[in-house]
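A single chain comes next, written as structure tokens; it is the form predicted on its own.
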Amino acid sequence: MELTRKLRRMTRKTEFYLFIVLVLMCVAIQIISGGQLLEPNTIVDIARSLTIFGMFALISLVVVISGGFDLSFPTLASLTYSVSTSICLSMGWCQETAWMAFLLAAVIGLVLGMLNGFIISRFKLNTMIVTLGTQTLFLGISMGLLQMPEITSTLPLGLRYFGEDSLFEVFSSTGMRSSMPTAFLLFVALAVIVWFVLRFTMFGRALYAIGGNEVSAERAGINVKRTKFWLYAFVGLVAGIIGMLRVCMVRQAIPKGLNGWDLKIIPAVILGGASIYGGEGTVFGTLVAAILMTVISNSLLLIGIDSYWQDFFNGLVILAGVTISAVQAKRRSI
């Protein structure tokens, strides 16, 4: 009887059906591509592409659960890694190791995140409007006030070394080599941390409560202002680290390198079962959605579809996910 109830609850969740779609799609691509999808180098390439996208999706998840939307994290990360890399270059740091760059990125990201948190929590403004404003502000500081340059060939050696560091290498049947980046471990660690916080801590429970009904959460004794402030501070800190991680992996720091990522990542979180009204969402669902969109992006060429169709298929998947989320929320309110 208990097993039946668990199965019934499972089938009511969006992520259950999303996982089935992912499995069926992988089977179809594997057959159409002649077995190329499950080759070791293809799997490693997908994992490499998933690392940054998945980490951004995880920090977006906690914001969506709280009932908000953070549109500023891509430009926050871009400003953070641009400033941090420029400081390392001018001071001659990070020629052997990358830890100083990550420390700078964490501190700068924390400060910028605290700015978001202060405005949102202190004045109780709409999160989308506030972060849209700070998104423009961060971009203006980077491109206008500081006029940050594109850093490519002069990237500090320590950042290059970290980006090239790998856990293992695999080879395809044609001899192509792919390496699993060490950065993938940071993605796994972040997933575990977010899962633990949401599942077992008072802070995680507070996020769900605020997203479900902010007024009721405040009446229940939750300090909504403090929770929101530290939520956006956390998002800023982690976004800064993720941005620096991407610099290491792609070996370049471009001030506009992450522009528009919010338009891909937030819908992916909604696709993974997080409610657009807040109060719902899981790490599992977000990871399944991120994997699904990464597989789509990396597998089109395997099945003979031009890459410009990528946005078309991603748009269909996202639209389906947002529609399902809205329909489920409406049914629960009836």
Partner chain sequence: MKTALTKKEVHALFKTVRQLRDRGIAIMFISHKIDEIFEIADDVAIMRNGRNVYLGATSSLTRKEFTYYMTGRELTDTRFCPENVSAEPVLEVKNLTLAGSSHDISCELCKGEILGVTGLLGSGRTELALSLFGLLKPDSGEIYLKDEKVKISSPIEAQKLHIGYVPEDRLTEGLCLRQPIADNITLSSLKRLSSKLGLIKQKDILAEADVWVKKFSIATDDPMKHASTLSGGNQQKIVLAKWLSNELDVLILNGPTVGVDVGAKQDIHELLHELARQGLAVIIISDDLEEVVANCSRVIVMKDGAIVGELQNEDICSQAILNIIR
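Positions refer to the first chain, counted from 1. Please read all numbers here as calculations on a predicted model, not as lab measurements.
Quick note: we don't show the form predicted in complex with its partner chain, though the next part is all about it.
### Non-hydrogen atom within 4.5 angstroms of its partner chain in the predicted complex for each of F19, D45 and N314
No, the whole trio is out of contact, none within 4.5 Å by any heavy atom.
### Task
Could you work out which of L137, V194, I222, L155 is the residue within 4.5 angstroms of its partner chain in the predicted complex, going by heavy atoms?
Contact residue from the list: I222.
#### Entry: Contact residue in the predicted complex, chosen from A98, V235, L112, A209 - any heavy atom within 4.5 Å of its partner chain
Of the listed residues, the single hit is A209.
### Task
Could you tell me which of 213-221, 69-77, 138-146, 113-121 sits within 4.5 Å of its partner chain in the predicted complex, going by non-hydrogen atoms?
Within 4.5 Å of the partner lies stretch 213-221.
### Query
Does F200 make contact with its partner chain in the predicted complex, using a 4.5 Å heavy atom cut-off?
Looking in the predicted complex, residue contacts with its partner chain include F200, since a heavy atom lies within 4.5 Å.
### Query
Is E280 close to its partner chain in the predicted complex, meaning a heavy atom pair under 4.5 Å apart or at it?
Contact with its partner chain, yes.
### Query
Would Q30 count as a contact of its partner chain in the predicted complex, using a 4.5 angstroms cut-off between non-hydrogen atoms?
Taking the distances in the predicted complex, the answer for Q30 is no, it never comes within 4.5 Å of its partner chain.
### Task
Would you check, heavy atoms only and a 4.5 Å threshold, whether R205 touches its partner chain in the predicted complex?
Yes, contact at 4.5 Å.
### Query
Does any residue in 132-169 get within 4.5 Å of its partner chain in the predicted complex, counting heavy atoms only, and if so which ones?
Counting only heavy atoms within 4.5 Å of its partner chain in the predicted complex, no residue of 132-169 makes contact.
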